[in-house]
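The data below hold one chain only, encoded as C-alpha cells and taken in the form predicted on its own.
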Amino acid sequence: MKRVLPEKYMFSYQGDGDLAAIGTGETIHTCNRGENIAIFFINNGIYGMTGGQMAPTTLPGMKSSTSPYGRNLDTMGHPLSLTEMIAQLHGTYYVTRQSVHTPANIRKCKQAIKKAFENQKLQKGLSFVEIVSNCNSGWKMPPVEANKWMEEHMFAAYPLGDIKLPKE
C-alpha cells in the first residue's frame, strides 16, 4: 500500500503470534527492503486473541493453553527474539522495545510511536517498535500480578530500550 500511496502514513499493528509466526517471512522482507512504514509489534508471549496458545515468544516454562506444563526448550525450542533479528537488517532505521506497564513506560512508548511516525514523515525508512505487554486473561492473572510477572520474567528475555538508533 505504501508504494501505491507513498504520501500516506502506513503502519501495522501485530501481535507476537501474527508477526513472529504467521507473518515472519513478510515481516523480515519488509524490514530488509526498508519500506517507509512503521511496524508496531505487541509481545505478550502468547496468542492472546485466540485462546492463549503458545507463541514464538512464549518463555521457557511459561504456561499456555497449548503448553499447559510450560514451554519445554527440548521439545518446543527457544523463544524467538525477533526484534534483535530485525535490528540486524540493513533496511531498518529505528528499532526499539518498550512496555506499557507503568505511566513512565507508557510515556516512553508514546515517544517511540511518535518517533516512528516522524521517521516516516521524513522518509527515513522502516521503524519497528516492539511493545512488551501483559495478557491478563491469557496468563490467568489479575492485572497487578501480571505486571509484576512481566517485570520479573519478560524483561529478562526482552529487555527494554532502543536497539537500533539512526546514524546521524
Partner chain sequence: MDSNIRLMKGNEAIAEAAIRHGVDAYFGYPITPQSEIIEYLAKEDPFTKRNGMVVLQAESEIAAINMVYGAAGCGKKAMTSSSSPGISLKQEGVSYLAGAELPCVIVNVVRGGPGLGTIQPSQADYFQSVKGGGHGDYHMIVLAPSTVQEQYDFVALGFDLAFKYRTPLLILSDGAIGQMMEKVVLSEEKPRDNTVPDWAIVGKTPNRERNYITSLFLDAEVQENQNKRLQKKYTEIRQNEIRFEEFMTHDAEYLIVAYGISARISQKVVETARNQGIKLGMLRPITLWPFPSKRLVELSQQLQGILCVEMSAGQMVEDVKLAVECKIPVKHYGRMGGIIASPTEVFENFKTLFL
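A quick note: this is a predicted structure, and the numbers were derived from the prediction, not measured. Positions refer to the first chain, counted from 1.
Keep in mind that the form predicted in complex with the partner chain is not shown, yet the notes after this line are about it.
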Interface stretch in the predicted bound form with the partner chain - options 33 to 41, 61 to 69, 122 to 130, 101 to 109, non-hydrogen atom within 4.5 Å: 61 to 69
State the residue from Ala157, Met10, Ala21, Leu160 whose non-hydrogen atoms include one within 4.5 Å of the partner chain in the predicted bound form. Ala21
4.5 angstroms heavy atom contact with the partner chain in the predicted bound form for Gly51: yes
I'd like to know if Gly17 sits close to the partner chain in the predicted bound form, meaning any non-hydrogen atom pair within 4.5 angstroms. yes
Need the contact residues for 99 to 113: heavy atom within 4.5 Å of the partner chain in the predicted bound form, sequence order, or none if there are none. none
